[in-house]
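The chain below stands alone and is given in structure tokens; this is the form predicted on its own.
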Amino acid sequence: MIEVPVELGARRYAVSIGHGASRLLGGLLAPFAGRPTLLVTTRKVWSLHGHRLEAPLRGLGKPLHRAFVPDGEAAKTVATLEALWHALYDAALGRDGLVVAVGGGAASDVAGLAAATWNRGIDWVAIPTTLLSMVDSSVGGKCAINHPPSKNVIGAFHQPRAVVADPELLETLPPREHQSGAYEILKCALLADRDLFRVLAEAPPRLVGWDRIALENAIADAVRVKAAVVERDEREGDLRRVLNLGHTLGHALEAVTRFRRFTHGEAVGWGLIGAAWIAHRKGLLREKGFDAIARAVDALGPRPRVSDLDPARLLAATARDKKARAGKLTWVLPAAIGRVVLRQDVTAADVRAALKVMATRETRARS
């Protein structure tokens, strides 16, 4: 078992990573035993994993109530949040209550936001069941729902009290979902871990069939990168913005296609290529560096096309990015493998040039 701490003083918590960790929930979550508990999951996730999770979770919650949310981004709506508030009320959860999120990033986003807003904030823990959620949404306390056409604009910072990541739960995932999470691991490597970048270069496409120890270590390394940033900038004042590498264009791709064409990771993969090209265009990244990043993205597997999307709509979507300040959008651009810079001088011409380069790589990325 690998334990990665997220050091936030009184709100410190640990991310426990290891094959079979879900069978040890009783011990890992022992500090929360005996509380009234609301389990938030999806019917699909529960049908796949409920048989191994229900017994340890029933030992945790006294009593244990259950609420189902829709799969994927469809869960991240005001209607779903309101339904969870009703479930919390019906379960009579007071400030000693506990929310347990079991599922992917969307389920944990809405469950965490429900916990953040119920009785002005109650505890929650995450049991991620996708690779993407293990290395991204379960760590850092950013909980949100969407407000079409914008992503994650209604939310809060509300740290979980514990995260349990069991890679055995990934065995039921389709290859495309493995790939989606792999792009977030790659993002972390580009931010601050050259060794992780080299390890990913030797991994199989979509990480399918990867050695279990290598997978655990890659998850832990990505979590360490994110934890180090969160510890220094919990509420995204400045430094934490580096975690948005690949996300400015990525979120725009998701928004203009109404979250139906790309998985989040696929959109981020395209966003990494776009950000790398903008960095190269501005003289921040050598051509060799751009080629290395683009090859690493392509090596993880195919992605849906981008060439048919209207550049004007994508530009408009980036302008509505929730991280814009005083009308200016800060872009995270790679300056080398393991180092990024923040820039506010990215122009519409830069973005259009990046979109053209992204389109030229579709033959290597078409799903």
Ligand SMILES: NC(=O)c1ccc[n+]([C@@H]2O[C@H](COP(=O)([O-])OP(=O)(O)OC[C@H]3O[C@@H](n4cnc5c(N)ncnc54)[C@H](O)[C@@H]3O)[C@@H](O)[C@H]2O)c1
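Every value quoted in this text rests on a predicted model; they were computed, and no experiment measured them. Residue positions are given as counts along the sequence shown, with the first one as 1.
FYI, the form predicted in complex with the ligand isn't displayed, but the following is about it.
Only one of 22-30, 297-305, 333-341, 44-52 places residue heavy atoms within 4.5 angstroms of the ligand in the predicted bound form, namely 44-52.
Checking Leu169, Ala220, Leu200, Ala87 against the ligand in the predicted bound form, a heavy atom within 4.5 Å turns up for just one residue: Leu169.
With respect to the ligand in the predicted bound form, the three residues Glu73, Asp109 and Lys226 uniformly fall within 4.5 angstroms at the level of their nearest heavy atom. Interface membership of Glu266, defined by any non-hydrogen atom within 4.5 Å of the ligand in the predicted bound form, is ruled out.
The ligand in the predicted bound form comes within 4.5 Å of no heavy atom belonging to Glu231.
Using a 4.5 Å cutoff between non-hydrogen atoms, Pro174 counts as a contact of the ligand in the predicted bound form. Looking at Ala101, you'd find every heavy atom of it more than 4.5 angstroms from the ligand in the predicted bound form.
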